[in-house]
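Quick heads-up: it's one chain on its own, the form predicted alone, in structure tokens.
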């Protein structure tokens, strides 16, 4: 018991140093990450979300879409996302830098949505996909097939999901 203080101090240091290294290392790598030009003199990427897409993000969260859909294009060695046409390059941290809540998802039951805005040809294609109740339970369309405000906002959010720009970490192929 003579060295009990040193034992406790050693255990504290052995726990605190690796934890501090993780926090400081992550901050050093990603803390100053921001938008970058897509090409020489091009617009800053990732683009800002339009207002209706921000509302659609809330609908996406409230419906629990994130439990069945991912928003991350995996690198070639970790899956067939690029070969399957889900994106032109793997997702990188910069793609999510503007998002207040990153919605990567944890299971891929439905299709990956990271680059859905580039794959969807038009708003009517998005609305047609949302009409299928298996894809979006809880969304309402009236008798004429017109979407309500939540459906319109969700469609705007889905169309804003684009990773069709080149990034310094992952050039577009």
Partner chain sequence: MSRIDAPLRVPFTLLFGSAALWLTLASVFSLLAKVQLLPSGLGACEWFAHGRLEAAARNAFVYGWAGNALFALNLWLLSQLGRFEIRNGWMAAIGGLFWNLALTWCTVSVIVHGPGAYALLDFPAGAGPVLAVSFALAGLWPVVAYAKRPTGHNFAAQWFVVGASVAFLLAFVLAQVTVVWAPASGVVQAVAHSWYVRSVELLWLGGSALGFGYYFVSKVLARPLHAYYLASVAFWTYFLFAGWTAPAALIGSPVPLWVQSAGVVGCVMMLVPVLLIGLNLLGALSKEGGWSRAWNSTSLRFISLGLTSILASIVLAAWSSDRAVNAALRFTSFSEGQGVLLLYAGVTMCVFGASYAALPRVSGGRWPSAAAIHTHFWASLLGAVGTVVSAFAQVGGRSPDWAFVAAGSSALLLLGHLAFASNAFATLIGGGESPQSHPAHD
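Numbering follows the first chain given and starts at 1. Computed from a prediction, not measured in an experiment: that's the story for all the values here. Here the rigid core means the biggest group of C-alpha atoms that line up within 1.5 Å when the two forms are laid on top of each other.
Another form, the form predicted together with its partner chain, is not on view; read the next lines as being about it.
- With the partner omitted from this view, the residue of 107, 146, 132, 121 that lies near its partner chain in the predicted bound form is 107 [heavy atom within 4.5 Å].
- Just one of 50, 42, 47, 64 comes within 4.5 Å of its partner chain in the predicted bound form, counting any heavy atom, and that one is 64.
- Put simply, residue 150 is close to its partner chain in the predicted bound form: some heavy atom of it is within 4.5 Å.
- With a 4.5 Å cutoff on heavy atoms, residue 85 does not count as touching its partner chain in the predicted bound form; it lies far away.
- Taking non-hydrogen atoms only, residue 68 approaches its partner chain to within 4.5 angstroms in the predicted bound form.
- Its partner chain in the predicted bound form comes within 4.5 Å of a heavy atom belonging to residue 30.
- If you take 82-121 and check each residue for a heavy atom within 4.5 Å of its partner chain in the predicted bound form, you get 91, 92, 93, 96, 100, 101, 102, 103, 104, 105, 106, 107, 108, 109, in sequence order.
- With the core held fixed, residue 149 shows a CA shift below 2 Å between the shown form and the other one.
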